[in-house]
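Take a look at this single chain, the form predicted alone, given in structure tokens.
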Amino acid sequence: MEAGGPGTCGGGAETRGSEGRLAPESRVHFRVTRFIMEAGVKLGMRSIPIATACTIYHKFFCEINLDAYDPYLVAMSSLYLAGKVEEQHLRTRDIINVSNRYFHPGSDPLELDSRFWEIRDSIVQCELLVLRVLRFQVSFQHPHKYLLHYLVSLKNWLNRYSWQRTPVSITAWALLQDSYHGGLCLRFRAQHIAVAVIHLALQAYGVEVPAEAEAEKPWWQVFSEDLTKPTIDNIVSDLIQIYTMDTEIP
């Protein structure tokens, strides 16, 4: 397997080779973050802790080559650490059992035998490794709070019929969640990602912001003054690439 080192941080255009095929490390990261999200849901984690777990995972492999450690072990430790960071503590036993069921559907919970304790110790030791590699910087500013505020403002701008007949809000939240399959959280500011997912949701349903043509500045710049259209386009391009990846990876 080709190693993904610090230079491959964040995904983006570099995730495809010269022939347009997905780079091996991009496929691995996509699968593992999908595991983090599904395991997080089964563990009852809220959206912010799951986002933190994905960010910890992506940030770790910005610093460390992919072939140096088992990515699924790093993912399990990221879930465990994210629970602590976001004050939604998880038991290692629950993480192990959910993960075991994920890899072996229909299997019974593991017995408290030597194999169980070996996995538990590996998770704890890997957590310490992750903390050292990330220099204990594991608190992140996520786009969620910005997206919430922006959607409330947008709802007030649009007429009630346009808002009610199109699921712009639901789609924007789904886009934000799916963005964590890639490294957008490391490459772009939280406010910019929040605006970009709204922009893509509006485009998807053909909804226009009223008086946009007459306004002094575009609606998205009202939310974030330093945001530019090329930045929005880059974020949207990366999101589309994630969905393309979803169709190519079983």
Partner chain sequence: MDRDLLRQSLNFHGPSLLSLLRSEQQDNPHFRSLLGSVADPARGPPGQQQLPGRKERRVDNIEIQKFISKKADLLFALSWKSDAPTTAEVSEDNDDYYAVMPPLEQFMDIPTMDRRELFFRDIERGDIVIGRISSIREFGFFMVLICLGSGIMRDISHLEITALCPLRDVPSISNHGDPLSYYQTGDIIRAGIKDIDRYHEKLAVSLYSSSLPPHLSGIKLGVISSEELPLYYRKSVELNSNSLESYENIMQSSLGFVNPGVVEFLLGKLGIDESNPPSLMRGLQSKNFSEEDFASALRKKQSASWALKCVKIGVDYFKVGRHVDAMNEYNKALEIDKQNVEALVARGALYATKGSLNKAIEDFELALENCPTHRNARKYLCQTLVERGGQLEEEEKFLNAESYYKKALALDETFKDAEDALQKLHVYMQVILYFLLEM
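Numbering follows the first chain given and starts at 1. All figures in this text were calculated on a predicted structure; none of them were measured in a lab.
What comes next is about the form predicted in complex with its partner chain, which is not displayed.
Would you classify L81 as touching its partner chain in the predicted complex, given a 4.5 Å non-hydrogen atom cut-off?
Result no; L81 lies far from its partner chain in the predicted complex.
Contact with its partner chain in the predicted complex for R160, defined as at least one heavy atom pair within 4.5 Å: yes or no?
Looking in the predicted complex, residue contacts with its partner chain include R160, since a heavy atom lies within 4.5 Å.
Give a yes/no on whether R189 approaches its partner chain to within 4.5 Å in the predicted complex, heavy atoms considered.
Answer yes; at least one heavy atom of R189 falls within 4.5 Å of its partner chain in the predicted complex.
Might A215 be said to contact its partner chain in the predicted complex, defining contact as any heavy atom within 4.5 Å?
Contact with its partner chain, yes.
Only one of 118 to 126, 68 to 76, 97 to 105, 132 to 140 gets a heavy atom within 4.5 Å of its partner chain in the predicted complex; which is it?
It is 97 to 105 that comes within 4.5 Å of the partner.
Just to make sure I understand: among 164 to 196, which residues lie within 4.5 Å of its partner chain in the predicted complex, judging by heavy atoms?
In sequence order, Q164, R165, T166, P167, S169, I170, T171, W173, A174, L175, D178, H181, R189, Q191 come within 4.5 Å of the partner.
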